[in-house]
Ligand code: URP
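This document starts with one chain, in the form predicted on its own, laid out as structure tokens.
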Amino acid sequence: MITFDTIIRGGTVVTDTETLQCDVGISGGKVAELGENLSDAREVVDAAGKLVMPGGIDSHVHLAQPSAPGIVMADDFASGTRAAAFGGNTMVLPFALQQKGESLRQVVKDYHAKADGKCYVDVSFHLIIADATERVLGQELPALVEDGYTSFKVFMTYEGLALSDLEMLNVMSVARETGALVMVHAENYDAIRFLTDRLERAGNTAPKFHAASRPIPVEREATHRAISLAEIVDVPIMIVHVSNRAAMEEIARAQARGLKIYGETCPQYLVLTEKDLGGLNMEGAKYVCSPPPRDEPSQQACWEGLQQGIFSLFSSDHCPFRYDDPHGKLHPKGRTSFRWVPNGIPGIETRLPILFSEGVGKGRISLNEFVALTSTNHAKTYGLYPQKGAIAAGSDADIAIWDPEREVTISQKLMHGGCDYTPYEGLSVKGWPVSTILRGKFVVRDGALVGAPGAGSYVSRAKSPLAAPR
């Protein structure tokens, strides 16, 4: 009698709360049982000496997203989710970006068309609100939240995306009424424009001046303002991609006052610095992202944020543009000023190995904290738990098998996405995902792609428990 479809045998099972020596029995795409010496399966996977962890959930990625005229994002859903799978992820949450004048409902429909049948891992969409009209806020957004699009992002910077404080308050009010969670990109748009104009007038147009145009006070002020607006409306918010101590401390103070303010940071703020933007010619363009990488004290602060629970999420903010490409980082306008360099870097495939090596491997965080920061907390934050982010009876069998001893030097030649470079080129890491299982079926097995486009599905989400009324 066959009890299980698959048994993962002999590995160390790690969740956000436990580390167990046990087998994992899988049936019908779900975890059926955890136990010792499980038997009677169609297939037994030997995980001896390996770690068996919930598949990563990268809840902040950009795929197939519209960009400025003449600029094309490097990853569509096929290439981006393939790279995610090789990086030990079983789910990603990209953004359906509304532009001025667009119906939010139509944006979602069009974004589904880009994803349908192309994904190697599961996906779910956040919304980006750029045009906060009465129709969007009064009709489309509440209806979409009820349909399972339970989180949306607002920007405090970027031409065509930045919302005024009044618009932010109106969006936050809809979130409070509907139980949705608001994500905030916190940088002061007017301050960035002021500094950018001043730098350009002085002839300071190389990529390295991107960092000078967005110094720490630009992020700290906007973080404080976003928290203040959220406090006025009495709504939870997630401050995304925090890069420095000053902004982190704004979040920590709000949390100490009992406010539902949450934080996220990313690999670039742990291992890159603003010096990386200073490469010869246009090499620095490879590191242009916002907020920019800071300095080593800021790196230490971001580690403290992860260790102290100020940041509950560790995401990639994967936003890939090819480097050696006139439709990417070497766009003709980008050569005239950092202002026009496509903003964002790839990282969907390297997020987990970097945190594992630099965090777990160097004693900064535990294995259980690693699982929480890269998977379980994302599921809990965005209405996916316990279907996702867990290895427990009844949960989806979304599992990454890791070799904790494997040493790898990160290189573009090892990557599987659509970008032509990695900003982490030459970084040595210890610990690497060797197999990725989505709902009980291998997508990547022993380092080889065995899944197909369409293996991943769109997943509708419940409302975030973080956004529940007080």
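All residue numbers refer to positions in the sequence shown, first residue = 1. Here the structure is a predicted model, which is why all the values come from computation and not from measurement.
Separately, the form predicted in complex with the named molecule exists; it is not shown, and the next lines address it.
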ask   = So which of 311 to 319, 193 to 201, 129 to 137, 168 to 176 is the stretch with heavy atoms within 4.5 Å of the named molecule in the predicted complex?
value = 311 to 319
Heavy atom of each of 379, 458 and 463 within 4.5 Å of the named molecule in the predicted complex = no
query = Any chance residue 189 has a heavy atom within 4.5 Å of the named molecule in the predicted complex?
reply = no
query = Taking heavy atoms and a 4.5 Å cut-off, does residue 208 contact the named molecule in the predicted complex?
reply = no
task = Verify the contact flag for residue 50: yes if a non-hydrogen atom of it lies within 4.5 Å of a non-hydrogen atom of the named molecule in the predicted complex, no if not.
result = no
query = Is there a non-hydrogen atom of residue 241 within 4.5 angstroms of a non-hydrogen atom of the named molecule in the predicted complex?
reply = yes
request  = Taking 4.5 Å between heavy atoms as the contact cutoff, choose which of 353, 344, 359, 328 touches the named molecule in the predicted complex.
outcome  = 344
ask   = Here the chain is shown alone; which of 286, 245, 153, 388 has a heavy atom within 4.5 Å of the named molecule in the predicted complex?
value = 153
ask   = If we check the named molecule in the predicted complex, which of the residues in 59 to 79 reach within 4.5 angstroms of it by a non-hydrogen atom?
value = 60, 62
